[in-house]
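A single chain, nothing else alongside it, follows as structure tokens in the form predicted on its own.
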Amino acid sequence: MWKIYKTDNMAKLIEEFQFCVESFHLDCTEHLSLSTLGNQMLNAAVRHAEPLGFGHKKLNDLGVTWVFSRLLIQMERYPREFDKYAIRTWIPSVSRYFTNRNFIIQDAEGSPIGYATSVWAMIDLATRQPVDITKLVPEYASAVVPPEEQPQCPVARTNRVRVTAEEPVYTFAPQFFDIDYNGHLNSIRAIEHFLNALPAEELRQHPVHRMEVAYSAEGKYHEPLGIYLSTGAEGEYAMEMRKADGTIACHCKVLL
């Protein structure tokens, strides 16, 4: 029997996890790197999900797993070396094939310095196809925080920007450390590759303010992938990660 460990006061449905910026978490600007922040958000999500009863270990026993569909991160500023920060997370909604998870990134004083929203799908490990969350795990709805109990997360997705570039600005093939335990290109490693495709001096001078990533097809070990880039207004970039046959593995929008 699937079980959601719910408390009356929502204490376990909205959780806060503490982190510290270590030296090896910094990028070349001496701030917390966006990829490390992404990994710590995943860390918070896993630490939140496991005691509630729907972490990946439990799901694997059912022959399914969670995968990212979308991720949006918006940061006002990034912590520096040895700064303490916290990540609050909760589940605001669930539908048949997707569930949302929100995040607030807070500084040591508890003030928000960033927000994130994410969309997840549950897939069958054998077929790699989505499964109906509401049928397989009907109790999952008990983990959704009622709207009146939810913290504010004032970010929203924007419309997708079409990438018209015909030649890639960056190519790679996922290697051993690019692949996660689901056997495909790790979602945060995909973000790192997108950032590697941007002008380095731009990133040095202007930290990423907002990044939206939508994942649509799995990248696999040693599969050639190219990143195609189109520029918009100053500091705006739209990118697509494409397979050799033109299939879009994921697309990304960045605002510096």
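The numbering used is simple: start at 1 and walk along the sequence shown. Note that the structure is predicted; figures quoted are calculated from it, not measured.
The protein also exists as the form predicted in complex with another copy of the chain; that form is not presented, and the subsequent description refers to it.
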Problem - Which of 107-115, 89-97, 170-178, 132-140 sits within 4.5 Å of another copy of the chain in the predicted bound form, heavy atom basis - result: 170-178
Handout entry: residue 203, heavy atom within 4.5 angstroms of another copy of the chain in the predicted bound form
Key = yes
Practice task
With heavy atoms only and a cut-off of 4.5 Å, decide whether residue 57 touches another copy of the chain in the predicted bound form.
Solution key: yes
Exercise for the section: Tell me, yes or no, whether residue 33 is in contact with another copy of the chain in the predicted bound form, where a contact means a heavy atom of each within 4.5 Å. Expected result: yes
Exercise for the section: May I ask you to check whether residue 52 falls inside a 4.5 Å heavy atom distance of another copy of the chain in the predicted bound form? Expected result: no
Fill in the blank from the handout: Heavy atom within 4.5 Å of another copy of the chain in the predicted bound form, from candidates 220, 70, 210, 189, belongs to 189
Problem - Non-hydrogen atom within 4.5 Å of another copy of the chain in the predicted bound form for each of 214, 227 and 236 - result: no
Handout entry: Contacts with another copy of the chain in the predicted bound form, stretch 37-63 (heavy atom within 4.5 Å)
Key = 39, 40, 42, 43, 46, 47, 50, 56, 57
